[in-house]
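Given as structure tokens, the chain that follows is alone and in the form predicted on its own.
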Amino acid sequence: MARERIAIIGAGPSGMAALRAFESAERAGAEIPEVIAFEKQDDWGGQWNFDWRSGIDQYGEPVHSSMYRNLWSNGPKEALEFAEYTFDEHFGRPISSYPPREVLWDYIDGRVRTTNVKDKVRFSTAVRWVEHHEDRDIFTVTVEDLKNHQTTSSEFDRVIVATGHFSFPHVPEFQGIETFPGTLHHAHDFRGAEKLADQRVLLIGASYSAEDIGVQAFKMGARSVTMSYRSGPMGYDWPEGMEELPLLERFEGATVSFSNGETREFDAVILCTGYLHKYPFLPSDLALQSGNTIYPAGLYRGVVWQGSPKVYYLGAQDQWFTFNMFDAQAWYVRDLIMGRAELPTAAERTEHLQDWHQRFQGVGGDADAVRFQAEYIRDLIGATDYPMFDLVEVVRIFLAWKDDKKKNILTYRDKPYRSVMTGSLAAEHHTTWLQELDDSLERYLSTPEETDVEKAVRGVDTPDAPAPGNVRGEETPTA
């Protein structure tokens, strides 16, 4: 009997988790299906694969990544750490709790760097269409080799959708926005805050993109940063020069009016207004249609498409947990495909969906949401051989992280946490986040010489050291 053929669409962290799950089983001596992953970028890593381009890539395709320069993890790495490949194992020593983008890319790449997993990925290949033949219960997947301009189709027994849902921006309309004379774009196209120096910046939104781009702009010397919220403010103790205002009502050139009657003038506007679940390669009967929620409707155990249970989604949820949740999902999907886990009947899956949806309706705030997702992950891991880890402690880390941000939105990234996998305490980075302007892997892992300014702050006499002052990037202000 021929081996099943599995198509994985996307080779970001979710697709890489699926590849790792199959590789793990093969390494343990199991015979695995034929697995082929399609990735339209030239390398894997998804959002963590930085591309300076915005809008359209070198092949004329929509740019997938929303990554920007100087992005550092905005949550403790201890909450996303792989249970079967730790940061200590990868770097050979503890590192800080909030690494920059290149360090995290190196970590997820390093887990499979010494395996043959990359041979299973067809890079620079865009999936154009997936057709389900119900009479034979197979799928025709049509792809385009973007480098060679060749379109081919082949048949697969199952499809894993691992493209994520943070690539197609949601762009609302605002009265008069077409009259704004400054720079205007969505957070998806934001590539760095350096150009916002001395600019009056408006961020429309009140979630993680607005928060992080806002403090990035402040760090890089923006003259002012205003964040406009719809349902409620983030409510941090913002430093001088940052503020939150309720939803804007209209633009009149550079002047923006807000619903509380106040007006401001701006030089730059960034829409931090979220993303759409959009799968242009799927027919409507296979495509998930959902808002950004931690429990999307139509996915049994968050991964199996109820309408066609040989279609699976990884990473389709709103996320507190990330890399380790993708692993839990990937290991469970692998076991369903390999017959190690039994798929219930459609009626039983519906009952399970309704039960979990009812539990989700009881989620009352962030703390409840984190605990809900932790229990979701516990449920998945319990059905596989993925290593269980201390989910209760990870929840505690998440809640402590939120408290850290409330205390000081500019310094929370300087705090170390303890790994739930190894027990080791994170190192303190050699430079505070507010002072660190180099996010390279080389700089991060180095031990730079202490500058005269740093010595002066410590009270060490130096020949021509300037007196410490309230200069952004030289001394960390208190929020």
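Heads up: residue numbers just count along the shown sequence, starting at 1. Bear in mind that the values here come from a model prediction, so they are computed numbers and not experimental data.
The same protein has a further form, the form predicted in complex with another copy of the chain, not shown here; the description that follows concerns it.
Using a 4.5 angstroms threshold between heavy atoms, Q58 counts as touching another copy of the chain in the predicted complex.
Although the partner is absent from this view, D119 stays clear of another copy of the chain in the predicted complex, with no non-hydrogen atom inside 4.5 angstroms.
Put simply, P181 is close to another copy of the chain in the predicted complex: some heavy atom of it is within 4.5 Å. Although the partner is absent here, A346 lies well away from another copy of the chain in the predicted complex, with no heavy atom inside 4.5 Å.
This chain lacks the partner; the member of T350, S259, S154, T151 within 4.5 angstroms of another copy of the chain in the predicted complex by a non-hydrogen atom is T151. The partner is absent here; in the predicted complex, the one residue of D403, E194, E240, E342 having a heavy atom within 4.5 Å of another copy of the chain is E194.
Of the candidate stretches 387 to 395, 275 to 283, 331 to 339, 105 to 113, only 275 to 283 contains residues with a heavy atom within 4.5 Å of another copy of the chain in the predicted complex. Interface residues of 146 to 174, taken as those with a heavy atom within 4.5 Å of another copy of the chain in the predicted complex (partner not displayed): L146, N148, H149, Q150, T151, F168, P169, V171, P172, E173, in sequence order.
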